[in-house]
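So this first bit is one chain, no partners, the form predicted alone, shown in structure tokens.
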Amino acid sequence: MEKTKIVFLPDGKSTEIDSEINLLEAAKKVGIRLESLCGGKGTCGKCRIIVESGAEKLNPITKEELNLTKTGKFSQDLLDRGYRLACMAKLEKDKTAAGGQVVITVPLESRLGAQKILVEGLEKKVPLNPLVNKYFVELPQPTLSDAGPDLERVLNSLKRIKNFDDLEAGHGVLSQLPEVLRKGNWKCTVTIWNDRKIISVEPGDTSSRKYGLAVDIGTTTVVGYLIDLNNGELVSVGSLLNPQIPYGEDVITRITYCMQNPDGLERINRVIINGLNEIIEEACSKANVKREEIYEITIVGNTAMHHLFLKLNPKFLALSPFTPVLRRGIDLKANELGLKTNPEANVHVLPVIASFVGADTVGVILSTDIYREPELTLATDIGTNGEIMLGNQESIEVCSAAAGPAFEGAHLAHGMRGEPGAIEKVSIDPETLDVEYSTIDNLPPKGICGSGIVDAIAQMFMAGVVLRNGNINPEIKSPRVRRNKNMLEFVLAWENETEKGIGDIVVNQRDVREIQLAKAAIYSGAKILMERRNVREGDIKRVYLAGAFGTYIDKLSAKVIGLYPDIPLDKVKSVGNAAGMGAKQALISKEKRLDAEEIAKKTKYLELTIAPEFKDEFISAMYFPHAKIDRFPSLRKMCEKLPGWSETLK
């Protein structure tokens, strides 16, 4: 059967497809990356394309596309102008035989942009003690009277330096050993992992070239830190958007993809391995380091990312009682995983705690020293799942709150990731309701990201636009507050201010509800941990906000909406990519790696879904800042001055 050619403009790229794949998949084939926050389910409305010709070869407008016109994420006007969702548009089965072509334009707003990726994190000095060490040795040349094996010569020379016991050497090392020794005129550098295994033998003295890579595999972004293992210093960073995003914006969607597609796990694993190889290439290129000079990699990530990286079946992470394949850390060879470093390099994946609390949480606890501090610390790492930690040197309790992707800009009318053009800061004049905002890279606004939506709703609340119960105030007389398809919305940016084709950027009632649900989940998790430990806000000496969202949000705005308990702002600190810093510490310190195992074993996990008090806590936390204003005494005076404020809940 003759296939149909799909031409993508303005790129000029094309591919031939049949009726089995949609245009989102066709775009992936030619390297065009489209926004797809919902993983191709037709619910986010981000993968918009314009059909220039050949529309008759495509399937009719789908119910998913029509449904989005009711929610404001799509419109009938756009459909009339030839817009479709790439994930919903595919060739009609009975029209593929005719061949021909379909020409589509991919608008700028539909393309996956260069996200603002957080690479910095709280640095705490750690004594340098990596598991990888290099030793330069000079060997006696073999003679007829001394024709001992090459490996034995290496081992005997090493014993003069340190009393190594039963060193192993793999086939990869042994296969190259004869040529290496002779090329170096019997002078070589031996790389040993954990005093147990020879992972490389190189001609001459290369002891000054010893590198490792610490990697944080996030649901949205992936960051790799190239570290000089001779001094523990960072030499370069590589990063990218997680290439698994097209298969699902959140972990559940990706797990579902694996369950529903026979080769799903293979595909998702392949793209993350390829992505890590891109990071390796980028980091090495920046630092003029050879890939073969990376001798160890440490990996952190949530439990789903952990399983997908290791190509472990993630199915039972999503099914009650939510069990991971393993908890302990694991060591594997780089070439077994397909990573392009030194082929014998060790890859250490840090341990996980539970199905929804992974090695990234272990990394946060490790890098912030929560487990060593006598004072009590509350820490949150907020993403699609918000991990919440409370503890000190005596004990640590953690839970996972299903915050949803709203804090990452998903499920919002004009939500987007932290990319150029995203509104990230908002200020509203309470008298005039005039809006001031800033965008990433100071470009015309094209949407609003997580930090922006928190700012916007906090400002709307303080201006009386949003009431305690989250309703947009219908009594407000302003052109910025209007009703659109029976839903109230507030205009942040008018069409003449935004990027061409975007129109007005608004926060609507549904957006406010999404943030209410997300913040209530986080607050409830923190409060339940506090109650289980019988502590109050005054007992907590510090709050750490980890991750990109925790770094870029305004701390006061976060408190105003009730995201975390009422703790003085001077005790609240953003710690950046603390999970990545934990991976770095485990890379450069054998002691820290052992600590990570102890953290995973001793940390107590609370499953919120079975906590009897969760429902009541969650409902109360839906209010701004909370149904019980006594929970936020520092905000009471401000709240009492708001228009229409009442102690009585409505």
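Please read all numbers here as calculations on a predicted model, not as lab measurements. In case it trips you up, residue 1 is the first one in the sequence shown, and so on.
Unshown form predicted in complex with a further copy of the same chain; subsequent notes refer to it.
In the predicted bound form, none of the heavy atoms of R160 sits within 4.5 Å of a heavy atom of a further copy of the same chain. Not displayed here, a further copy of the same chain is approached by H171 to within 4.5 Å at the level of heavy atoms in the predicted bound form. Taking the partner from the other structure, a further copy of the same chain in the predicted bound form has no heavy atom within 4.5 Å of any heavy atom of L234. Using a 4.5 angstroms limit between non-hydrogen atoms, R328 touches a further copy of the same chain in the predicted bound form.
Checked against a further copy of the same chain in the predicted bound form, the candidates I279, L177, V491, L241 yield a single residue with a heavy atom inside 4.5 Å, and that residue is L177. Interface residue among G501, P149, P107, P203, judged by heavy atoms within 4.5 Å of a further copy of the same chain in the predicted bound form: P149. If you check a further copy of the same chain in the predicted bound form, you find no heavy atom from any of P343, F618 and I629 within 4.5 Å. Looking at 520-528, 126-134, 247-255, 316-324, the stretch with residues near a further copy of the same chain in the predicted bound form, meaning non-hydrogen atoms within 4.5 angstroms, turns out to be 316-324.
Contact annotation for 418-450: no residue has a non-hydrogen atom within 4.5 angstroms of a further copy of the same chain in the predicted bound form.
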